[in-house]
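For reference, the chain that follows is the form predicted on its own, supplied as structure tokens.
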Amino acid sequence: MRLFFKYMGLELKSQMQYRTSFLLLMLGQCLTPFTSFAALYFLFERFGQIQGWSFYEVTLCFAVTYVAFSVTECFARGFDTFSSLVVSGNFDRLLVRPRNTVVQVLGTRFEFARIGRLVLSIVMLIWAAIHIEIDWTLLKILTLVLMCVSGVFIFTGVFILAASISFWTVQGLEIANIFTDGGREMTQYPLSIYQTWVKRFFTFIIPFACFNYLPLTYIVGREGSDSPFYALIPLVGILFLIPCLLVWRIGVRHYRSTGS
């Protein structure tokens, strides 16, 4: 981790060489969740609710997703551009260094400008939590924190899986964006509004429901979801990172360099 923080410090120093550009980019990053939230607001302004979900309940769901995804984009974006390391042969340099390749790939890219998106997402999260009509207990607060942490692990795992494809295809596949950016867009709303097969896939294969929908039903007190078990479901999302790292390890073993 010392090496990881060293990478982070060097990247931050590099990006701060152009402070005005950095600040403007950070400000611009606020517009992404703002415009999406505006669409959400006008949707509820027109229809009032979505399958029994109120505006503030969906806003809480929306904010948790954006907090998790913003943190992931800040610190795990190196996997999103990993295919360029394979194509150029620069991944060979990482392999001969006496450090874990996951840490080194993480350190290739940090997008600190995403902090602007993160700050706005946290503000929306707090605002929704204050206005939602529930009794906040210590366990519910802990569940909300676990939801955000679990979301970071799941999105990071998805980025790792998408990067692992490059070991066999060399170029990254655009279909992976279905589970990264597409996953962010989908989990802005409770999974109960989607078809049954969608809910099952994103519960048992890619466990987006474990950091968002299922623990949210516990927080808002949905019928049948009042068991403390639902409060601990985000831990399953954290464990999702383990098989993702195993796939990465298999990919590294099959790496054959560029031949150049």
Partner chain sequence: MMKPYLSVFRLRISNGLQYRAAALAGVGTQFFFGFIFIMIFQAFYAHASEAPSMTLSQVITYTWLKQAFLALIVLWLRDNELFQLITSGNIAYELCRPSEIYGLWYAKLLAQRLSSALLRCFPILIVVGFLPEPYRLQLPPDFVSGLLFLATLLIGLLMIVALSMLIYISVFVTMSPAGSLLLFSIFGEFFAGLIIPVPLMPDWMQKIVYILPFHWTADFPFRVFTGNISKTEALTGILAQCLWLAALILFGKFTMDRALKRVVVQGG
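Nothing here was measured: the structure is a model prediction, and the numbers come from that model. Residue numbers count along the first chain shown, from 1.
In what follows, reference is made to the form predicted together with the partner chain, a form of this protein that is not presented.
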task = Select, from the options 228-236, 215-223, 66-74, 189-197, the stretch whose residues sit within 4.5 angstroms of the partner chain in the predicted bound form by heavy atom distance.
result = 189-197
key: Partner contact for Thr203 in the predicted bound form: the partner chain, 4.5 angstroms, heavy atom   = no
message = Asp92 versus the partner chain, in the predicted bound form: is there a non-hydrogen atom within 4.5 Å?
response = no
key: 4.5 Å heavy atom contact, Leu25 to the partner chain in the predicted bound form   = yes
key: is_contact(Tyr56, the partner chain) in the predicted bound form, heavy atom dist at most 4.5 Å   = no
inquiry  = Taking the partner chain in the predicted bound form, would Phe5, Ile126 and Leu146 all count as contacting it (heavy atom within 4.5 Å)?
reply    = no
message = Given a 4.5 Å distance limit between heavy atoms, list every residue of 38-72 close to the partner chain in the predicted bound form, or none if there are none.
response = Ala38, Ala39, Phe42, Leu43, Phe44, Glu45, Arg46, Phe47, Gln49, Ile50, Gln51
